[in-house]
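Coming up are structure 1 and structure 2: the same protein chain in two forms, each one given alone as C-alpha cells.
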Structure 1
C-alpha cells in the first residue's frame, strides 16, 4: 500500500512559486538591463538611430535575461548541491534528459530566428531609398574627409544671373548649369533624407558617425553608400573606424582652438537656416571667386577640397597637423632650393604637389598623395587650382 506524503504537495507548490518568481525576476532584470544600458550611448540624432537602438534594446532584453538565468542557476547550484561537511560520497549518476535537451535546443533556435527576422527588417529599412533624398559625395583619403555637393541652378541665390558670371566660372558649369561645392564638413538639416556615395583615394577607410548610428567602409575600386535622416540639430563627430595609417586619428572630428578640425556632420535646424548659413555663402564663393590668385588659393585650401589640413601646420588657416612639414613661412624657405635643386620656390612648390616623392624634407616620409593634372586620374587638381595654391603658399613668409 502506497501512502502519499502530505508534505510533498506543499513542497511542489512552493517550488513552483519560487520558479515563477525567479522567472519574473529574470524577465524584469532583462528589461532593466535593456533600459539602462542605451543611456550610455551618444544621443540619437537620426531616424535610423532610433530603429537601431530599438533593435539593440531587444537584443539586450534577451541577452540580459539569459545572462541572469545562467548566473542564477549557477549560483543556486553552487549553494544547493555543494558538498556537505564530512560527505565523501560520489554525486548521483545523472547522464541525460531528453526533454530538457529538446527544450534548450528549441528555445535558442526560436530566439535566433526572431532576431534574424527583426535584424533583417531594420537593415532593409535603414538602407531603403527615399523619394526626396539628397545625394552627396564623400572622399576618404589619408588623412581627411572631403564632401562634395552638386548645386543646381534653381538652388542658386535668387539674385544670381548665370549669364553675368565670369567666363572662367561659366566654363566650369556642368551641362545642366550646376556647380560643385567642396567642404571638409558635411552640412544638412533636420528631416532631409541623405544618401552619401563614398569612395577612397588610397586605402580602406570606414565612415562612422556614432550619433547617427551609421558606419560604412570605403573600399578601393568601389562606390559604397549609406543613408540617414537627421532628427536633431547639432554638430556630430565623424570617425574613421578603420586603421589607415599614422594619421588615422586626425580623420576624427576634433575641436582645436575653437575651430572644427577633421570630420564633422553639421545638422541645421531647418532648410532655411541651412541655405542661409551654408549653401548660399558657399555657392557665391564658387560663382564669384576672388580675382587675386593669393586669395583664391587661400579659399581653395580653406574649403577642404584637398586633404592638406590634417597633415600640415598652417597658422593662417588654423591647421595643426604634424604628419607633414609645417607650412608656416614656406614662401621664405629658400634653403630647400639648395637641397632639392629647384631654381625657385614657385617651381619647388609646384613640383612638391605634383610629385611629392621627388624631394622629401629630412625626417618625413612620403605619405602625401600625388595630385594629378588629368580629370581621369585620382586626386585630380586642375592647373588653375595648383597655380592659385602655389601663389598663396608663396605669400606665407612669416
Structure 2
C-alpha cells in the first residue's frame, strides 16, 4: 500500500529500472576498483606475482562491489528515509523474513566458498615443486640476509677468470668440488625456477620480495622454503617483514653510496647473461680468499656478512652508521690501550669484537653484539674471519 502515491505501478517499474542501473554501476565500480588499485603495486617480476595479483583483483572486484553496494544503500536511505519536519513517529517494526535471511546467508556463503577454492589453488600452484628448480640457502640474522649457492666449476664460462668475483661475494670450494658463493645478493635469471631454503640465526624474520609477491617467515629451529620463477630482469629489494630489532630496516635492500646493501634478488635476462655478468672479470674481485689478511678482512667486511655497517662509520667501505664510534683511523687509536688495559691494538680490536661489553668506548652504551667463535653461538664469527677483520682495521690509520 502506498498512501502518498496512488500511481504505484508506474512507480515500481521505474524503481526496477533504477535498481538494475544501480546494480550495473556497482558491478562496474567493483571492476574499476580492481583495475585501478594494482597500479599502486610494484611491477610483477615473477610468475607467482601474476597469479597472486589475479587473485587479488578478484577479491577487489567482490570487495569493491560490496563496498559500493553498502555505501550506496546507506546514502540512499539517509536521503530517502530521513525524518520529515514534525514527524516524531517511530519507524515500522520489521522482523522475520525467511527469504531475506536465506538469501543474505547463501550469497556470502557462496562467495566465501569460491574465494576459498580459488585461493587454495593459487596457494598450491605458487608453492608446487618444479622439476629443474635451483636451490639456494638463505640465512636471516639480525640484521643481514645471506644467500649461499653452489656453482659447478664447469658452469663457469670458459673466458672467465674464476680467480675473480664481485667484492660482495665470498667463495669457498665445497666438498663436492663445486664453488660455494656467499653473498647478500641472490643472482638468477628469467625462467629459472628457484627454491630458497631459509633458516634464522636468531629471532623470527620474514623474507619478502614485494616485486615477486613472495613472503615467508623464517622460524627458529625450522627450515622454511619459498619458491619463485622470475619473469622480468631487474634488481629487486628483499625486505624483512618481521620487526626483528633496532636494525630491522637495514635488512631491506637499499642503495648506499651506489652500493647495494641489505638483501637483493638480481634477475639477469637469460642464463648466458647471468653467467657472464655475474662472473664478469671487470666487475669481479677475488674468488678464492686473498692471501693478504688486510685484503681478506676488507672483502669480508665489504660483503655485508656482518652487520657492522649498521652502527659504524667507515669511509673506506662507505659505512655511515652512527650508533657506535667511527672506525675511521681505528688502527691508530692507541689512547684505548691504557684505558682498556690491553697491551697492543691487535688485542684491543680482537677483544672489542669478541667481548665488546668488557670495555666501553667513553660516551657509548653497551650496544654492540658480541661476535662469537662457535657456529652454535649467536652472531657466529669464525676466528679466521676475525683475524682478517682485525688486520684490516689495524691498517685503517687515518
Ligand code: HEC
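These numbers were taken from a predicted model, which means no experiment stands behind them. Numbering follows the first chain given and starts at 1. Basically, rigid core = biggest C-alpha set you can superpose within 1.5 Å across the two forms.
**Q** Pick one: is 1 or 2 the form predicted on its own?
**A** Structure 1, not 2.
**Q** Against the rigid core, is the Cα displacement of residue 318 between structures 1 and 2 at least 2 Å?
**A** Moves: yes, 2 Å or greater.
**Q** Under a superposition restricted to the rigid core, does residue 302 display a Cα displacement of 2 angstroms or more between structures 1 and 2?
**A** Yes; residue 302 is a residue whose C-alpha shifts (by 2 Å or more) between structures 1 and 2 when the cores are overlaid.
**Q** Take the rigid core as the frame of reference and indicate whether the C-alpha of residue 353 shifts by 2 Å or more between structures 1 and 2.
**A** Yes, the C-alpha position differs by at least 2 Å between structures 1 and 2.
**Q** If the rigid core is lined up, how many Å does the C-alpha atom of residue 387 shift between structures 1 and 2?
**A** Displacement of the alpha carbon, after core fit: 4.1 Å.
**Q** Could you tell me how many Å the Cα atom of residue 327 shifts between structures 1 and 2 when the rigid core is held superposed?
**A** Reported C-alpha shift between structures 1 and 2: 4.0 Å at residue 327.
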